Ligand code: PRX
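Have a look below at one chain only, the form predicted alone, in structure tokens format.
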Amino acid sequence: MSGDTTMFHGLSGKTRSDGPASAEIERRGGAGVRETKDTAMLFPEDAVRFWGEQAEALVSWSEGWSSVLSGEKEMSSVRWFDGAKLNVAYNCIDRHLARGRKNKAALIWQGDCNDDVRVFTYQMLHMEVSRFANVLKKYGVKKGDRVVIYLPMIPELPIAMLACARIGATHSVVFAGFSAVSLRQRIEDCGARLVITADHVVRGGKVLPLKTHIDQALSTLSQVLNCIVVKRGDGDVSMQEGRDLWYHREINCIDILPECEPEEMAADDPLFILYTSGSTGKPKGVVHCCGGYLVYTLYSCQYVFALHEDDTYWCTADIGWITGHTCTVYGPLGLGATTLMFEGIPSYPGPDRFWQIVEKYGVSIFYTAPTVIRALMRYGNEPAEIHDLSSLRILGSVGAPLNTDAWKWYNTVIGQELLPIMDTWWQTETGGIMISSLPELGGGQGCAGGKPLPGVDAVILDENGQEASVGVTGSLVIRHPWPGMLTGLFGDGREYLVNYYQKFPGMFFTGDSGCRNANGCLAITGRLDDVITISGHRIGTAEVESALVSHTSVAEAAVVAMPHPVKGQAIYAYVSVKDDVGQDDQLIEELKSHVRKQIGAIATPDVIQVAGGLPKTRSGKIMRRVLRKIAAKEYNDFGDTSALADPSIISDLIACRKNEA
């Protein structure tokens, strides 16, 4: 048996006695990291030992493991830290109290209004999480139950997540920008019996309704017994008697105690389900488990960002996405750092808002998306130059490829050509950062790409499963298991195998494309499946197509990505309408509104082109590469189109596209 055998209240054994400030771990990620450029390519037997060392150094376990890795002959069914026990909320809160951090700021929340600020020390967070965990237990939530959290960026969101983790319930956070239809799909799929939401969303100076989406979603769902509502706005909302409960009343009830014993969880017990868009119309419920996810989250956050005791860490991602889960909640708190979360948007009340917050709180690590960088570039340098950004020591980028112009602006204007930029690649399924432009890994700067973190075996393969030559675009795959890997898709084992392990047997297929340069750096070039990345958020084309064809006027729809100067990619939809339907601007706006209601504002097509027909092969398959090129205004070299049933459709689509422009 191995592992840190610290009991929940003993705090003895092989634990990190001083968190992110411990000497070797603070350097770049914990015991076992070899300071050479070759650490990413570990042999399998070295990797098992390596991950065991990380697990001992970074996580407090109540019971050790019998084996670090089991079932490795089939990558799709491996188990990490078999036999081990832990509690994730304990690791994120309790263990820091006895290490001199009870009065340290754990969570700083900046509201949409500059004066709206809340700060939780680790002691305060412990009490709030414990009390809300007891509220959940009061209403029958127990270990193994699923809880859906549909909240904006307010402190109650991470509190609810940690409360679920504390009692062993599996949380599923749904991005508050999703519609009632999308929310209902996720609640129904995971079988949640309790939902947590807010009455309103405050964003960009606007107060928008949120509870109404829950009411619509639950109108035909009898499985949900209770809905706990956080009061964020001032307006009245409908509260259904017997089902709906006010958060502030429940958590302050006299019978709710400020102590809640953390539930002991097996390493392979689920921690959360997070739905992500796929190439089918139905979102995939990615499952991450307690042990492996926490080990990899703490490892990747520590290794990439080298957290110090006095760091204030700000990841700007919404917690409704994996980046927010890992880099706002579980990573920083698990490492005993101070994490900052922001309710608003980068451009309100002015384009200097992000830099005003950096100055106000002395942010030292800033992690954002290329979309945000490109949007702020448009305002010029002055919004950043009027603020003191000297507290910054590390910049990061995530969510999409960081193009050269954005990197240069980020480097010169924000970093003053003094700070390292950690360009990173990862996804919902990986749990944490997999590839980064860390200088000590030999990663390139200036958009040259990055290298896999130690213990990660990521390569580019051609269609024959061989490593692609330098400069040749191929499929990004992971050849060996890593602790943060998803453990399945909720309720769908077959799709899990098909999606990730069928194309390259024995290896994890990421669905992304990339190429390798002469220095061995990997540059990610985009998606290989039908998924569009908009401002770092993945939207499945099939999901948007399903929404469009559900409209009574639409006979057929095809959705592709088109380049966008700020968002990276945007949605371009081609629709064929029924014979009796008029084709005018009113129809286009109606269809956009329909998609917003079905999925959410983020999935609204930027362009909808009404087409007389779609380019189909004789077998009826839509030739999407033609549609992608037309959407991108690339009207030459469509490749071999001899398989098209009616090649003249291309000319019609081009003419219509030119009129759209």
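In this text, all values refer to a predicted model and were calculated from it rather than measured experimentally. Throughout, we count residues from 1 along the sequence that is shown.
Not pictured, yet referred to below: the form predicted together with this ligand.
So in the predicted bound form, does any heavy atom of Pro401 sit within 4.5 Å of this ligand?
Pro401 belongs to the contact set for this ligand.
Taking the shortest heavy atom distance, is Asp512 within 4.5 Å of this ligand in the predicted bound form?
Asp512 belongs to the contact set for this ligand.
Using 4.5 Å between non-hydrogen atoms, is Glu429 touching this ligand in the predicted bound form?
Looking in the predicted bound form, residue contacts with this ligand include Glu429, since a heavy atom lies within 4.5 Å.
Within a 4.5 Å heavy atom cut-off, is Tyr90 in contact with this ligand in the predicted bound form?
No, Tyr90 sits far enough from this ligand in the predicted bound form that none of its heavy atoms falls within 4.5 Å.
Identify which of Val202, Met75, Ile524, Ala384 has a heavy atom within 4.5 Å of this ligand in the predicted bound form; exactly one of them does.
Result of the distance check: Ile524.
Which of Trp425, Phe508, Tyr313, Tyr410 has a heavy atom within 4.5 Å of this ligand in the predicted bound form?
Selected option: Trp425.
Thinking of this ligand in the predicted bound form, which stretch from 315-323, 452-460, 210-218, 90-98 has heavy atoms inside 4.5 Å of it?
This holds for exactly one stretch, 315-323.
Residues in 117-146 close to this ligand in the predicted bound form, defined by a heavy atom within 4.5 Å, in order:
Residues within 4.5 Å: none in this stretch.
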